[in-house]
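One chain comes next, on its own, written out as structure tokens in the form predicted alone.
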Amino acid sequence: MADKAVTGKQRVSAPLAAGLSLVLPGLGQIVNGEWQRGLTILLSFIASVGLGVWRVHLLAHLQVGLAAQYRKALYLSPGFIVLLSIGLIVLWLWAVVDAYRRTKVVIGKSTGIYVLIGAIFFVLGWQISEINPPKFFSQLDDAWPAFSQVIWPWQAAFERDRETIQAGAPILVPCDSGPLPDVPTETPGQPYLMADPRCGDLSSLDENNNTVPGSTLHLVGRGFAPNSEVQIWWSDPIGNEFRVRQAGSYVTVTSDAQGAFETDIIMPYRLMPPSASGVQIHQVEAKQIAEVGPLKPSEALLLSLEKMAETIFLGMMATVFGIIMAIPLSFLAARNMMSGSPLLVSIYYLTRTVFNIVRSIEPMIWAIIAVVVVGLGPFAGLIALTLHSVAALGKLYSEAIESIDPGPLEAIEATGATKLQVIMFAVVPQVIPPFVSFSIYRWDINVRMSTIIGMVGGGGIGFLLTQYIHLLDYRSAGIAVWFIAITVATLDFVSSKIRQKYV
């Protein structure tokens, strides 16, 4: 914010100006006639103090009294509190000295105090944003497995048909509830699994919710594919099936060259409903999932292709509808087209106001509103993008109309042409190049925006991407991310070629 040089003419004495700024930073500058500078200092100081009190309260909200909260916040976040306190004190004293000097001598533009204000807001922004570089770098290793799947997801892009080889063994729970189940019959050439013992107790939780380990089962399997991974599953009496976990990992074992294996597992925790009374026969299962047949596109790849096509056409249709509605409205929002009468000027201001309001609301918010009206799906996304496109393109188009050369307009008006003829023959030829450029750029924006509004139910690949992330399926999410990046890059190349030809 630039200030005019002080000419030496003072409205108040230097001590009075300094005293007023000592009472309230910036007040001395205001009284001396430097409204812009004084209000900037005053409002910045008030905002900084208010934000600082807010952050101190959040850091130490359990303490009673501002002084106690300040001490606790200083203990919890000393760097932030010290820097903010020093910054506010220096700003206060600087405002006093600044008010004193600017009534005594001729001073040009002085921006040092604005730099200090910017530094204070930077410190506040750092703390409010909870920026933590050590946390970022210390957790990079933990994030790398998921991130690596996103940047190179193509293992999940193609798959083969899967064939499941499995065998199970019944387990009585608990041992004294009935006769032991029969030993499974072994059939030559078929997978076989035997558990010893054939009964036991499930893992349970104590009064502190700590896990009490159940009985240990020794599993012996034969007839599986050699040198391959075998997964251990558990099935309860009501048909629920899940993989067994121990020490935080799924239990797996690798078969030997003859397709046999042996392993021990602890019977898992399972909360059975009260209706499941009496003898309970659970089932421990060993499964091998083998891939057979030729490679084929995976479901994630096909869904990403389908949703990416939906995203492209969603952006295209929103752009088309936006252009159709924005072109006529843009003439109503162009000052040089809407001058000459109070009615036209009123329409101009009304149209500009509507454009600004609609454009200020993000497409994601419009998508949430549209989902309430028309439900989940691409139609909601189309409505959201169209509304935002009309407002954005209308503003850009109107500014292009306002910047045209007035010469051709005056020449055609001098011939007695009507307003419509002036627009057709003097305005339209001049605005076609910027209109084409803005329209192509808007399509690019809409395609990128449609990936975001899909996350709130507006259709397109964004909806699919959100589902994959929630399921922690990072390879499938990576396929969607790659399609987004490839599509945006392709659209950028195509749009540049179109602009070269028509603009």
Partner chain sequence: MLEVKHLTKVYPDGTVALKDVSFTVEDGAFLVIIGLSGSGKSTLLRCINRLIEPTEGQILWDGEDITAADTTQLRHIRRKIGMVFQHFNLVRRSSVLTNVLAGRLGYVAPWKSVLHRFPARDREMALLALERMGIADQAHKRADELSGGQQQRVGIARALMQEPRIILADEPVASLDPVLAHSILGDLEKLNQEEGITVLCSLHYLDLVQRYSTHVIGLRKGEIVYTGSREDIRRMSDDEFKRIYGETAQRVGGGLEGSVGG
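What you see is a predicted model; the values in this text were computed from it and never measured. Residue numbers count along the first chain shown, from 1.
Unshown form predicted in complex with its partner chain; subsequent notes refer to it.
Only one listed stretch (302 to 310, 359 to 367, 332 to 340, 413 to 421) carries heavy atoms within 4.5 Å of its partner chain in the predicted bound form, and that stretch is 413 to 421. Judged against its partner chain in the predicted bound form with a 4.5 angstroms heavy atom cut-off, the residues P408, F425 and P433 are in contact without exception. By the criterion of a heavy atom within 4.5 Å, P226 is excluded from the residues contacting its partner chain in the predicted bound form.
Although the partner is absent here, P429 lies within 4.5 Å of its partner chain in the predicted bound form, judged by heavy atoms.
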